[in-house]
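Here's a solo chain for you in structure tokens, the form predicted on its own.
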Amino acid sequence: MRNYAHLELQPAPGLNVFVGANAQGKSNLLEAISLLGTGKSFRTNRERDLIRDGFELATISGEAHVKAGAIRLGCTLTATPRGSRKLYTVNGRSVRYATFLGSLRVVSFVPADLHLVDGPPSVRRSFLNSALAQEQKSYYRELARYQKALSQKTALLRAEAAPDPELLKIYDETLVTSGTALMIARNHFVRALGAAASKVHARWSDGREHLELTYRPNVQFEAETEDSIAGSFEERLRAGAEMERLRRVALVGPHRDDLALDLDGRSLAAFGSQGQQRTAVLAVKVGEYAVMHERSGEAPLLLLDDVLSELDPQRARAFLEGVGEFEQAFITATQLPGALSLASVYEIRDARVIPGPS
């Protein structure tokens, strides 16, 4: 995959640190591991880019020990004239993506995740969707139903002819049913995530700063019940129907939700320094790990790409020692902040993994 022609790796339990210069294959390795959990790249939407230049096929496979026992996972990408085709396998059997997803849970941090703070709402919605789809297969199903109905409604609104009101009603009914399930799941998840991330952040900042996460649904609701949320959704759709027809776009629903990140009561994007923003996003990722672990009873893999680059040596060492307590974590770095007794250290050079410090 990418710059790897072939690699076999048996990582150790606990903390695995991969050290090397840039462009040696560190991020590519974590990307491959992530594919076995999420089935998708955390770096690109062009999956053809995952296949090494000059090759037509890329295969990633691995064995994981989960609560249900040992499981063999595989992901094969084949180049086609239109991009690529992907095949997923579980224990040697070809499966659909919906079945593959969640077989191995993964929490990852890459530099692009810093846009959780300053990026558009779509970045934060994607984060929520990715976390919840791994955790709950029902969430993935409802998300797929919602997105299909949303696409159909949007096409109807943009058509040359006036939209059929009966057809719009059918699409809106699906949006309300699936959208309500999405909002309930997001609301519960953000509450748990906020508590976990705030606790982690307070420990890292010695209690001097308070991180707060707040779910910002597009459809406001008073009670956290299915009837209350669905009723509010239906009312907003009725009130906004004419505006949607005029603007020819769907304006109401969880496809316009957001997630607020505040530090000491102020917007992290507007007032936080780069260091504060990075620390907050890392706390969110570690909080995601904790929530996923608690809810499933199973520790996910923790993948942290280039996580130390903006941390001073003391903070970097403290962070690594804390991560070393997790069941299994993978970290890439260009250099280490001194010796690490709790870590298995590897050097990556020209897409080769060499045991031992650099």
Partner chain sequence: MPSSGSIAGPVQALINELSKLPTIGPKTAARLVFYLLNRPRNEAQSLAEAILAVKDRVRLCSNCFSITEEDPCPICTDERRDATIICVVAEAKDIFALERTGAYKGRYHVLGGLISPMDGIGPAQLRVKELVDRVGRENPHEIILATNPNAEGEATAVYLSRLLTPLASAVTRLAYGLPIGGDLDYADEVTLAKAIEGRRTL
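Superpose the two forms; the largest set of C-alphas matching within 1.5 Å is the rigid core. Numbering follows the first chain given and starts at 1. Predicted, not measured: the structure shown is a model, and the values here were computed from it.
Keep in mind that the form predicted in complex with the partner chain is missing from the display, and what follows is about it.
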item	value
Interface residue in the model of the complex among 210, 247, 137, 85, criterion: non-hydrogen atom within 4.5 angstroms of the partner chain	137
The partner chain: the contacting residue among 227, 164, 222, 235 in the model of the complex [heavy atom, 4.5 Å]	164
Partner-proximal stretch of 247-255, 88-96, 283-291, 121-129 relative to the partner chain in the model of the complex, 4.5 angstroms, heavy atom	88-96
Close approach of residue 56 to the partner chain in the model of the complex, 4.5 Å, heavy atom	yes
Non-hydrogen atom contact residue 156 with the partner chain in the model of the complex at 4.5 angstroms	yes
The partner chain contact in the model of the complex: residue 173, any heavy atom under 4.5 Å	yes
Touches the partner chain in the model of the complex: residue 274 (any heavy atom, 4.5 Å)	no
Contacts with the partner chain in the model of the complex - residues in 134-158 whose heavy atoms fall within 4.5 Å	137, 141, 148, 151, 152, 155, 156
Rigid core superposition, residue 69 Cα moves 2 angstroms or more between this form and the one not shown	no
Cα displacement of residue 56 between this form and the one not shown reaching 2 Å, rigid core superposed	yes
